[in-house]
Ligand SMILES: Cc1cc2nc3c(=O)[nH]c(=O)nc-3n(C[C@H](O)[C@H](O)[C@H](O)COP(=O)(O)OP(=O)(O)OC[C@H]3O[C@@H](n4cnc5c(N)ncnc54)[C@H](O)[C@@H]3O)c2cc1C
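Take a look at this single chain in structure tokens; it is the form predicted alone.
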């Protein structure tokens, strides 16, 4: 039986980043994965944006997470010999003079001018509706998440560190102090399962909420090659004249099917941004793992030691995952504290007796 330092369960965005971070610290690992085409990692737009536009404030810990992620993806592009992450200019179209004035006032505020700018780009077309003007967001980018996961998969397969299976077991038994499954054993295990966490009897007490998102892919030869935001985002794809329009958010509709309501909502907001002849290429659906308090969840199981979780990344996973993975792994290796707002201990009161009983059952030593 092959012994590793870590078993990582799940090779979506979070699991891939955890694996690359473990390699950075020269730790051996194997990633066990069960493919899921409807996971958010497979359809995510992959936008790295440090600003919450609704209130024109920094996203959670943006001043820390954003520069860390930019550095991580730059290094990862080189490691994987791929251009999965690219920087992008981001345009925020203002909806009112009030939003315009609020934005401009913050561009001169040292707390915000790291990301907010009032630079006016020279558009090559006049199709955009800009009655109140626009601002720009600095230090942004786009990770082609599906391509990133494929690159990581290829990289890890070449190292013999990836096992894919259609019958993956969520909760892995601990025998004589080691987690064991499929010919591998390790002292530590990190679950990066996204919404599949609800089927994990160790951690299914954690309040993960499925959030359905729908995207449109369109062909348009008059849109600028910028990431545009106003109620929705318009994101240029690698293929010329191809753009993603998104995204919707729904906690109620948990079907895997695209909806007419979402399509009409996205098109209505798209048409309000400007007059663009376009062709709809397809409509896709995915589910984000979100939390009630909008904070991710990382940390150790209350009684099954050396069993960890990283989940609840929501729509900001591209920006948050690299730093969170590093925070968790440094906690495991060097006993550094986990960020208080992200620590799973905040949900310990929700754990059920069945979770504790199952954890005790898994720990046979």
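Numbering follows the first chain given and starts at 1. From a predicted model like this one, the values you see are computed outputs, not experimental measurements.
Same protein, other form: the form predicted in complex with this ligand, not shown, and the subject of what follows.
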Would you check whether this ligand, in the predicted bound form, lies within 4.5 angstroms of a non-hydrogen atom from each of 11, 196 and 313? yes
Would residue 215 show up as a contact with this ligand in the predicted bound form if we use heavy atoms at 4.5 Å? yes
Contact label in the predicted bound form: residue 287 to this ligand, heavy atom within 4.5 Å: yes
Can you tell me whether residue 192 touches this ligand? I mean in the predicted bound form, with a 4.5 angstroms heavy atom cut-off. yes
Wondering, does residue 41 line up within 4.5 Å of this ligand in the predicted bound form on heavy atoms? yes
Since exactly one of 76, 247, 229, 188 fits, which has a heavy atom within 4.5 Å of this ligand in the predicted bound form? 247
Just to confirm, with a 4.5 Å cut-off on non-hydrogen atoms, which of 62, 30, 47, 328 contacts this ligand in the predicted bound form? 47
Stretch in contact, per heavy atom within 4.5 angstroms of this ligand in the predicted bound form, of 287 to 295, 128 to 136, 153 to 161, 256 to 264: 287 to 295
